[in-house]
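We begin with a single chain expressed as structure tokens, specifically the form predicted alone.
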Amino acid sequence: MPKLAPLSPLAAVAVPGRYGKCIGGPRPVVLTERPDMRLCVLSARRGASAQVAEMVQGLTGLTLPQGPKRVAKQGLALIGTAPDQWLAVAEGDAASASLDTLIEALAGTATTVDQSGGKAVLRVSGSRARAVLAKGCMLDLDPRAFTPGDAATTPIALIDCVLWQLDEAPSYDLAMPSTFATSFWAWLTASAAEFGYEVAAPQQPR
């Protein structure tokens, strides 16, 4: 029986190309779908936060962030989303294997819920990325207030997202429910049109 490949929720709309008016440089906004990301929510059981942090440190070398921060190493990132709760993001086969090892080790100490099929991840980057997101985000994304390594769980265009900043370009990743991905895309591209934007080819799993 042939093996069916999963279909991205944005496959029909995230068509690579250049769109809108282009000002402020050759690529003021770049939108990239990230179907290569694997996501899992880790929730420490009551009274087990310190034990979870110790296990994560020992297995990954990462210090669990306290609060809305992101830490990353060798393709595996941990993002604080709520008290005693983190979003694990694995990029690539090696990081995914590390996440599997972590999930197995945390059995009985933390609850783990795979969100890979339930979330879509988009990368928004370029000199105007901040201006585009600011149209639908209530957070202060000014570089004096929100910097690389910062993260937030917040509505953007009335859709609940997990947002984290990767670098000073700036580049942001956003994870949102797959069921709202096309609605978010419609808002995002309308917001980026005044600057001009490029849709890059999605980065596929390795």
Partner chain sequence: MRIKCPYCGERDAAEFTYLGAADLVRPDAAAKDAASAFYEYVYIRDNPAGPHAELWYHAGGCRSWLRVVRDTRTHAIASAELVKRDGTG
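Numbering follows the first chain given and starts at 1. Being a predicted model, the structure only gives us computed values, none of them experimental.
The same protein also has a form predicted in complex with the partner chain, omitted here; what follows describes it.
Contact between Met138 and the partner chain in the model of the complex is found at the 4.5 Å heavy atom cutoff.
The closest non-hydrogen atom of Ala175 lies beyond 4.5 Å of the partner chain in the model of the complex.
Among heavy atoms of Ser127, none comes within 4.5 Å of the partner chain in the model of the complex.
In the model of the complex, the partner chain sits beyond 4.5 Å of every heavy atom of Thr147. Contact here is defined as any heavy atom lying within 4.5 Å of the partner chain in the model of the complex, and by that definition each of Arg45, Gln85 and Thr154 is a contact residue. Residues of 53-86 placing a heavy atom within 4.5 Å of the partner chain in the model of the complex, in sequence order: Gln66, Gly67, Pro68, Gly80, Thr81, Ala82, Pro83, Asp84, Gln85.
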